[in-house]
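Next up: just one chain, as structure tokens, the form predicted alone.
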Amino acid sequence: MDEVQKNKNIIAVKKLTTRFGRRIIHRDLDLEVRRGEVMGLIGSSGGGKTVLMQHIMGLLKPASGSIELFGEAIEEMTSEEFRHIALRWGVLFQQGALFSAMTVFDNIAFPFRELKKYGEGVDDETMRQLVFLKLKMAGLEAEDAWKYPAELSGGMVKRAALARALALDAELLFLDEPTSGLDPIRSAEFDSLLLELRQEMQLSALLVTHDLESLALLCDRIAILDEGKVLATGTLEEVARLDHPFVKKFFETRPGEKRLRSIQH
């Protein structure tokens, strides 16, 4: 990869192969996410979307292949180098994954307190101000800081999890089914929030979703994962026209079918 291309991509996955026992999940998979773009990742259930995201975040080690983040190969990093680069991204898991025994405040403060273990980060008062700032950015009220996850609605859980993902001013977001479990109104509100934050913070993101509205509103390009590989990448309009069994099934069975049919034709 030349220097120009290296600097253009915030994520570059090359020839990645994943095996669980005899089962091969990915085979020679390639994926590139450009700086400043939101890449949507779609594929069949159990097809390896979340596993791919876990590889990119360094949570799983592939059987073979390479992964670059911010232009650096993660397999060549020391644990300390990887810890520092991991501070540059945030993660929103499918169910929010808030710590149930912690208040919203403590959940958002968690990344700051982890930094303190290494003698880094900010003082307590600055941390407090930043937590309330992230709360506000995520569309929550100051009084929500003292609630526990069990006291929150599904939409509020997602917002609190987003505030935690943004705590350290992430440049890159990993979003795993962020609107899963939300009703259409709450999903639309959350998508609008993500769009607003993306524009304000110039975020890059890898978004795993089955939500067609999220794909249409948020994504610059879509990657189709099937048969262990990324079959194609392109705009929503481009991938919707592909003559492939998964693509046809995906777009024919999603809400907004009439609108997508007009795109396809």
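When you see a residue number, it is the position in the sequence shown, counting from 1. This one's a predicted model, so the numbers in the text were calculated from it and none came from an experiment.
Keep in mind the form predicted in complex with a small molecule is missing from the figure; the text below concerns it.
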Each of I56, G58 and I67 having a non-hydrogen atom within 4.5 Å of the small molecule in the model of the complex: is that the case here? no
To test your reading of this chain, name the stretch in 193-201, 234-242, 213-221, 37-45 whose heavy atoms come within 4.5 Å of the small molecule in the model of the complex. 37-45
When the contact criterion is heavy atoms within 4.5 Å, does E177 count as touching the small molecule in the model of the complex? yes
Should R23 be classed as touching the small molecule in the model of the complex when contacts are defined as heavy atoms within 4.5 Å? yes
Verify the contact flag for L29: yes if a non-hydrogen atom of it lies within 4.5 Å of a non-hydrogen atom of the small molecule in the model of the complex, no if not. no
So in the model of the complex, does any heavy atom of V230 sit within 4.5 Å of the small molecule? no
